[in-house]
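Given next are two forms of a protein chain, the same chain in both, each as structure tokens and marked structure 1 or structure 2.
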Structure 1
């Protein structure tokens, strides 16, 4: 699929402007962004559900810009399941095939095929109210799948499910994609969903592409401060700092609370430093002081929330590394932190763009300011 120069506006407000995008055939492509980023507008433009001001949309090399949604060979799966409550599962799935007067035997064959793929064969004679949320969502996918479209468009299809069902459906969707090998364009605002499902992720903000790449590329190499804070759970810590050159590299003044020595050369001046919670560790009294807030025990790890000055900082620590005395800390008590080996990111304070990404060494620590 190719999108060229797409422009969409509501009244005087442009939602997408001169927007270009290429999605590979058979790709599981996730459009990720917060509310108002333009992601649903983009999806509905591809579907032909809203008018566009300018641009072209190509599916299978065919220009579908001026075609009705029904003529674009696409299928949509919506946030709400949109099942007909008075129809059986079988009739919900087969409805579109009946509308085009497909022979009954062929309809039965297609419905049974998709029901088998999605593990809902035993539910074909039931009604939607007799199904769980996850089962209803499978029926919605089956209704789209039975048409054998070139592209599946999915608009936050898991947002109405509880956490357990959502997690189960992530696996189901990946399995479904492996079986059908069709292009899926999936819109969501949940980065966990995006990371679990996508071959590639497009991060959208205010109608513009901030970054696009594989889940690992976005997590390991966030191109700006927005992506750094959006990808990762818990998100990256972003701290003000100032870089000063010295003989052996660069000394980083972290919020006037401590110093971090980087062997690489970093441009001098004020900027933001990004630290993943996983590389924040516990230190003795030589570390940077932080005010303890609370911790969350997730089983294998403990997520510690603290403050350096007025800025919140999160650390994810393996449970076996947590000393007994830390479990007895109360809100406001002082603890000490260090930076463990790993990637450290520096961002321009004005533009938010990446300045430099460095691999922090094995022996270095944040040290408390004198």
Structure 2
């Protein structure tokens, strides 16, 4: 699927401008962005549901720009289900097949097939309002699946479900994709969902592509401070710092509370530093002093929140490193934090773009070994 030079506006406001995108066949492609970033707009212009100002859309090498939505060989799942309330589940799912005059027994076979896959066989004769949210969404997905389209468009299909159901559906969507190997374009604003599902993620902000890549690429090399804060749970710590040239490498002044020495040379001056919570550890006495705030226990690790000055810092401490007396810490008590070896990201203060990504601590050891 190819999008070329797509421009969409509402009134005077341009939502997408000269937008280009290429999505491979069979890819599970997730568009991730915060509210109002233009995700729905993008999806709806692919579906042909809103008029576009300029640009072309190709699906399977066909130019579908001027085709009616149903002629584009797509199926769509909507955020609020959008089932036909006055039709039974069976009719909801089979409507499209009826419209294209498929023989009745063939329709029945197909509907039963997808109902089976999605475990809604026992609901086929009910009406949407007799179903729970999760069941309704399954019907919505069934309605899309039954048509065998070349692209599935899904607009935050899980955002109306509770956490447990959402987890379940994540698994089912993924396994559905493994089975059919069809292109799925999936919109969401939840990074966990995106990481769990995607082959590739596009991070959208204000109608512009911020970064695009596999979940691992985005996690390991966030190209922009927006992505850095968005991908990863708990989110990355973003701290102000100042870089000064040093005898061998660079000395980083972290909020005037401590120094970090790195071997790489980076441009001097003020910038943002990104540290994943996982590479922040507890130190005995040296290290950066911080006042303890609270912690959240997940069983596998604890997420400690502490304050350096008024800046809140998250540290994820693996189980084996949790100090025995953690529960005795009082709010406000002084503790010491250190940076463990790992990736540290530096971002330009005004543009937010990456300046340099360095392996803190690791390269230094290798050098010593030389």
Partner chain sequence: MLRSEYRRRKSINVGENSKTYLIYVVSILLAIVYLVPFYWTVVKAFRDSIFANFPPNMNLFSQTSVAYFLANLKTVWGFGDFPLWYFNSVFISICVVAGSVFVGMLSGYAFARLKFPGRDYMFYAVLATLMIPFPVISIASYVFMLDLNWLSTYQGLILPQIASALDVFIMRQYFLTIPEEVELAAKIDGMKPWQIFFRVSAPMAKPAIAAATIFSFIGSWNNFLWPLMEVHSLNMFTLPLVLNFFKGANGTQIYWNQMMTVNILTMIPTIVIFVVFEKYFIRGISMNYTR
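Owing to the predicted nature of the structure, the values given are computational and were not obtained by experimental measurement. Residue numbers count along the first chain shown, from 1. In this text, rigid core is short for the largest set of C-alphas that superpose within 1.5 Å between two forms.
Comparing the two isolated chains, structure 2 is the one taken from the form predicted in complex with its partner chain; structure 1 is not. Here residue 206 does not count as shifted, since its C-alpha moves by less than 2 Å between structures 1 and 2 after the core is aligned. With a cut-off of 2 Å and the rigid core superposed, residue 326 has a Cα displacement that reaches or exceeds the cut-off between structures 1 and 2.
Residue 139 shows a C-alpha shift of 2 Å or greater between structures 1 and 2 [criterion: core-superposed Cα displacement of 2 Å].
Superposing the two forms on their core, we find that the Cα atom of residue 130 is displaced by 5.9 Å between structures 1 and 2. Aligning the rigid core between structures 1 and 2 leaves the CA of residue 117 offset by 3.3 Å.
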